[in-house]
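Shown below, as structure tokens, is a lone chain in the form predicted on its own; questions about how it binds or moves come after it.
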């Protein structure tokens, strides 16, 4: 089946997954709002990531010779940090895209995206290919959002919305080690909002100016870092497959040397063939980067690398380093080996919004199913993995009388009390109710009918297979819970 992105976008709005930000005022480009179902879906993505990576992680497939266990802990840091953080991290100087303006259409474009952006003057051609295009020379555009702290509004009060969540973890590395009993290897994790002033946000929620990250900074011994890099590449790739993404639509792309970030010893992107991509093209879901000791060392010493990988220190007029580090010792002392060293870092950095979009695109399907009269009709359904589905089960009384609603509400409340996301629906024919739940991705529907009141059983209907089975009403909660556990 060829997935139509326009149909997916329409369904997202119709069923309350995703809305255009400030839509009644014409919208604001690069910003999106999540509706009731989208909020639940994205929250499930975050929660499943947290549960799998932090709450119940294990290292059964850890590199040979690795410790028998390792710690994974979480932090939550602020969106606005000390401005010196971004100078020492390199974002202040190096976090830029090349921007091109067109004097004819007044458009503004990223230089590396122009080949894929239709020219406003003639959509059949791309930017720069139209006869009337008058493009400026590329120039640097810093992607950080600037803001002001305090009342005066002077340049000394300038700060930035964070462009990534990673730096909040690095500057708290010593605090985490000192306040807990964790040892290396150690993963410190964070889920939170980041902001990038994208020049050309596009492709629905794929490239936005406000987005949410799910990041791990995994600190380890330098001589073990390459093994851990491979471990996290494999573990994160398999996470998407286990939650329903088609392996044939995924790829792991190792960056060539010329594409590596200035801090990177190696980076691999987990990429997905989104429906809005051309044939053979993929979009990044997650990057797994071997950052070496760049971040901790930079926050200690203030040394930076330029785009050529050379260490540079910009000097003030008084001859002092402009990008001075904190001067704090962020090294680690290994009690077992009696060694002190600066840990290397492996960073699996996933986008919660991009992951949610990928799961939406993968889930969208159309097939044929019988209606109430047995006639085959096209149905739209969202085949979400049950762990991600916004609604896990729906409860229907077949009739609005004869004790059906009372028994249905009893089962509905039992499911809610068990912490299972459930909906109750008694409006319209049973077939229409099934279709409503199929379209929002509910894995199972439970129907209460006349037999329920005589033999105590209900009908359990599966979203994907359409299989219907009878089971005792008093076993519904246990059966749904068992299915959710896989």
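Numbering follows the first chain given and starts at 1. This is a predicted model, so every value here is computed, not measured.
What comes next is about the form predicted in complex with adenosine-5'-triphosphate (ATP), which is not displayed.
Novice: Are any of the heavy atoms in residue 198 no more than 4.5 Å from a heavy atom of adenosine-5'-triphosphate (ATP) in the predicted bound form?
Specialist: Answer yes; at least one heavy atom of residue 198 falls within 4.5 Å of adenosine-5'-triphosphate (ATP) in the predicted bound form.
Novice: Taking adenosine-5'-triphosphate (ATP) as it sits in the predicted bound form, is residue 387 in contact with it (heavy atom to heavy atom, 4.5 Å or less)?
Specialist: No, residue 387 sits far enough from adenosine-5'-triphosphate (ATP) in the predicted bound form that none of its heavy atoms falls within 4.5 Å.
Novice: Could you confirm whether residue 228 comes within 4.5 Å of adenosine-5'-triphosphate (ATP) in the predicted bound form, counting heavy atoms only?
Specialist: Residue 228: no, not in contact with adenosine-5'-triphosphate (ATP) in the predicted bound form.
Novice: Given that the partner is absent here, does residue 217 sit within 4.5 Å of adenosine-5'-triphosphate (ATP) in the predicted bound form, heavy atoms only?
Specialist: No.
Novice: Considering adenosine-5'-triphosphate (ATP) in the predicted bound form, which of 170, 206, 332, 109 comes within 4.5 Å of it through any heavy atom?
Specialist: If I apply the 4.5 Å criterion carefully, the residue I get is 206.
Novice: Which of these residues, 350, 296, 358, 188, gets a heavy atom within 4.5 Å of adenosine-5'-triphosphate (ATP) in the predicted bound form?
Specialist: Contact check passes for 350.
Novice: Could you tell me which of 342-350, 74-82, 410-418, 373-381 sits within 4.5 Å of adenosine-5'-triphosphate (ATP) in the predicted bound form, going by non-hydrogen atoms?
Specialist: Contact criterion met by 342-350 only.
Novice: Scan 274-288 and write down, in order along the chain, each residue with a heavy atom lying within 4.5 Å of adenosine-5'-triphosphate (ATP) in the predicted bound form.
Specialist: Sequence-ordered list: 284, 285, 286, 287.
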